[in-house]
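Shown below, as structure tokens, is a lone chain in the form predicted on its own; questions about how it binds or moves come after it.
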């Protein structure tokens, strides 16, 4: 048997994906089999999972979910779509983490920031010129909706404090710290250690300038708590925050969240 766009289709030897397409979605021109794009002439095997898509066609929630299943495998995607991730701070790190997680099909995002989009943000943050002056929370929610409208997004448009964090993020599976302010970085870590013991936590320190890619690392600080960055480079005169290196750190954070949600972390493993 074959699974074609989440429907069972009878298998026969020598069947190509194009032949299946003629029966189930004649206008399809993108073919994904077991997570990989293939040519129309690809010969299917018994038990293969196929997704057939028409290029440029809008997709429903079910079709989007099926496409993510196709690329990530159903076992992985089912766990990601049930997850809730909080992101504190929506600047260069937080906005990039949010979009990466949305593209991967995280079920729910809670986005927290109190700031507006400014012209100086556009060198590294995931906003557009026509969003200058908007609240970052609302602008980022709109951008996520254009990428994956089926992610549930909750926004918190207020300044966070050490006392507020445990209450606002009590129900998340993972919490990502993306503050610029070192005082808030320390306060958020204390809040996690003292009040959110069961929540995975990924923070960041050191990604300014254009230093070596490989100096950005992910390190385990405590059980369930990880730090991303080189732990040295700070924004200062002559060494600004630049899109590429901030993006490396942000994608470390997003990938670590996924690893934790999928059970890849162990207490005795140094990441």
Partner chain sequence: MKIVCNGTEHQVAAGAKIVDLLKEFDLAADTVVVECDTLILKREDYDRHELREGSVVELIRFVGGG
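Every value quoted in this text rests on a predicted model; they were computed, and no experiment measured them. Positions refer to the first chain, counted from 1.
Below, we turn to the form predicted together with its partner chain, even though it does not appear here.
Q: Is its partner chain close enough to 92, 206 and 233 in the predicted complex that each of the three has a heavy atom within 4.5 Å of it?
A: Verified in the predicted complex; spot residues all in contact, yes.
Q: Decide whether residue 189 counts as a contact residue for its partner chain in the predicted complex under a heavy atom distance cut-off of 4.5 Å.
A: Residue-level check for residue 189: yes, a contact with its partner chain.
Q: Hey, in the predicted complex, does residue 28 get a heavy atom within 4.5 angstroms of its partner chain?
A: Residue-level check for residue 28: no, no contact with its partner chain.
Q: Under a 4.5 Å heavy atom criterion, is residue 182 part of the interface with its partner chain in the predicted complex?
A: Because a heavy atom of residue 182 falls inside 4.5 Å of its partner chain in the predicted complex, the answer is yes.
Q: Taking 4.5 angstroms as the cut-off for heavy atoms, does residue 53 touch its partner chain in the predicted complex?
A: Residue 53 lies outside the contact set for its partner chain.
Q: Pick from 72, 135, 79, 124: which residue has any heavy atom within 4.5 angstroms of its partner chain in the predicted complex?
A: It is 124 that has a heavy atom within 4.5 Å of the partner.
Q: Scan 216, 227, 44, 68 and let me know which has any heavy atom within 4.5 Å of its partner chain in the predicted complex.
A: None of the other options qualify; the answer is 227.
Q: In the predicted complex, which of 112-120, 79-87, 196-204, 145-153 comes within 4.5 Å of its partner chain (heavy atoms)?
A: Flagged stretch: 196-204.
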